[in-house]
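In the form predicted on its own, a lone chain appears below as structure tokens.
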Amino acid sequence: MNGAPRRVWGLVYRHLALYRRSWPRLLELMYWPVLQMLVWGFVTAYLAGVQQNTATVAAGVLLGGVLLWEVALRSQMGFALSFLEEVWSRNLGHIFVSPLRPGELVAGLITMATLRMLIGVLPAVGLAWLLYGFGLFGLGPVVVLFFAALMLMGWAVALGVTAMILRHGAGAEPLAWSVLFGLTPFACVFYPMATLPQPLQWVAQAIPAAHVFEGMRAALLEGRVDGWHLAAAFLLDALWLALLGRVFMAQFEAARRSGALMNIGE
């Protein structure tokens, strides 16, 4: 392995080494997804016990929403926090003294975000099946497309967050935790898009996750794959990635020219 793959692997290995030597870091990756799944799992178990008809179906929709939303959250936070690891360790300037290119940095962060997401979400999916009998993968191969669309959205948002950190430094770090939580009401995680007022439905139409969750409800409630919502989700993902990727690259170049890469976070 040489060239770009070797440089990307070097960045990924630097982060993997941190987890290999620290079990609390691994535990932290699984903590929030599993906790969210347990809390909502008990809620859904209560609803299913109170009413055995529609509540049982609604319980599956809620638990499926929680698990899939964690895919987007962990993908975004995995990317942004891996970048912040470099900032906090004052390693960003050292990285770019090496031959590593900005695109290779993004590739390495995406790889780490994917690994962090899988380590965090898959145990929660398994426990949901063991404890509550809810099998997310029972929806069929379309679940892989749901995962992919939500991961792409998470990476796009993370590029925007990283650009803000490059521009505003430590003052923008809380965005790494808060941005997607702010989008939750408009992503229609737990309710159909039609529930929102008409002006907010237009907002939801522009969010890839809203189309993913419409597709999830179609698969759970009607047993069908909604191709229109899936196509809309991936088209919006491409648009978000192109737009926010351009913002990231522009801000990176501005930070490089001004020397901010060497003292970001101070």
Partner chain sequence: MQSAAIQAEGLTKRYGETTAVESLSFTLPRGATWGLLGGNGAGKTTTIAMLLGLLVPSAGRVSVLGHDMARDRFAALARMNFSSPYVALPHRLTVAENLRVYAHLYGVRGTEARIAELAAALQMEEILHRPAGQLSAGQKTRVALAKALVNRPELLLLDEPTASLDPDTGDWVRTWLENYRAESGCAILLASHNMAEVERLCGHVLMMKRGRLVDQGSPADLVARFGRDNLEDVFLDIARDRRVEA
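Residue numbers count along the first chain shown, from 1. The model shown is predicted, which means the values in this text are computed figures rather than measured ones.
The form predicted in complex with its partner chain is left out here; the points below concern that form.
- In summary, the region of this chain contacting its partner chain in the predicted complex, judged by heavy atoms within 4.5 Å and restricted to 148-156, 94-102, 119-127, 181-189, corresponds to 94-102.
- For the chain shown alone, S89 is a contact residue for its partner chain in the predicted complex, at least one non-hydrogen atom being within 4.5 angstroms.
- Using a 4.5 angstroms threshold between heavy atoms, A17 counts as touching its partner chain in the predicted complex.
- Mapping the unseen interface onto this chain, R246 falls outside it, with no heavy atom inside 4.5 Å of its partner chain in the predicted complex.
- Put simply, Y13 is close to its partner chain in the predicted complex: some heavy atom of it is within 4.5 Å.
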